[in-house]
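Given next, in structure tokens, is a single chain: the form predicted on its own.
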Amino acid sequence: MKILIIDDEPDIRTYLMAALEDSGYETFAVKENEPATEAIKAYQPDLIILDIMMPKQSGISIYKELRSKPQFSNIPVAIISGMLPGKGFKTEFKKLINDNTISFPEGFIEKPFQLSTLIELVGNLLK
């Protein structure tokens, strides 16, 4: 299974790639300033892990773009964020998206996260 990681922090990208590869997944990573849609077309991931807070293009705008394009709308997305509280994620995410036609992401991990929690979420989303 292929996982695309979109995060602006090089250390997080490297950490996620190593951990997921150790768990048997094929990984690719892009920075927030690289076109997400081009990477998705090229890699055809089974799952996208997306950071929300990025300086050049927010994860929210990337998520909206993904959900607006039929060819990407069925790819599960796991959001990772240190700014959205775990229990209040849906409420806060809805405010950020500001569009009732866009569905919630399939998964959410609050930073800092336990590696085992992330691996479990990824496994559940790829079943």
Partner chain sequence: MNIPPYLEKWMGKNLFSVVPMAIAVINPEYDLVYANKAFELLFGEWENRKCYKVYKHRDSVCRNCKGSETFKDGISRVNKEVGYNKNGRLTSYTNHTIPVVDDNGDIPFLIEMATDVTETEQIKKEHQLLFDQVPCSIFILDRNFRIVKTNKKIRNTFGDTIGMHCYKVLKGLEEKCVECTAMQTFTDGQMHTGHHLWQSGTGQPGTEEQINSHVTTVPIRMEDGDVDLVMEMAVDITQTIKLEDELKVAYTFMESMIEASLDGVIAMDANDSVMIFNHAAKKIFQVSDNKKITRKEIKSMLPEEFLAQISAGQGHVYFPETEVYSINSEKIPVRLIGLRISVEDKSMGTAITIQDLREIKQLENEKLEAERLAAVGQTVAGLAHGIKNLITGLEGGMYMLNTGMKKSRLDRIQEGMEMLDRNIVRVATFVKAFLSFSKGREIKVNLSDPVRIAKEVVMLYSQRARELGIKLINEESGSISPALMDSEGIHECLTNLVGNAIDACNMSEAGKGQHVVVRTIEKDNVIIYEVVDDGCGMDYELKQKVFTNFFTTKGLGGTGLGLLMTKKIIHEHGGKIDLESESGKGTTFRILLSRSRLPKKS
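Residue numbers count along the first chain shown, from 1. Predicted model only: the values in this text are computed from it and were never measured.
The same protein has a further form, the form predicted together with its partner chain, not shown here; the description that follows concerns it.
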query: Asp11, Ser58 and Gly82 all contacting its partner chain in the predicted bound form, non-hydrogen atom within 4.5 Å; finding: yes
query: Its partner chain: the contacting residue among Ile102, Val30, Ile75, Met53 in the predicted bound form [heavy atom, 4.5 Å]; finding: Met53
query: In the predicted bound form, Leu118 touching its partner chain (heavy atom, 4.5 Å); finding: no
query: Close approach of Tyr15 to its partner chain in the predicted bound form, 4.5 Å, heavy atom; finding: yes
query: Contact test in the predicted bound form: Tyr25 vs its partner chain, heavy atoms, 4.5 Å; finding: no
query: Residue contact check: Glu110 to its partner chain in the predicted bound form, 4.5 Å heavy atom; finding: yes
query: Residues of 66-80 having any heavy atom within 4.5 Å of its partner chain in the predicted bound form, listed in sequence order; finding: none
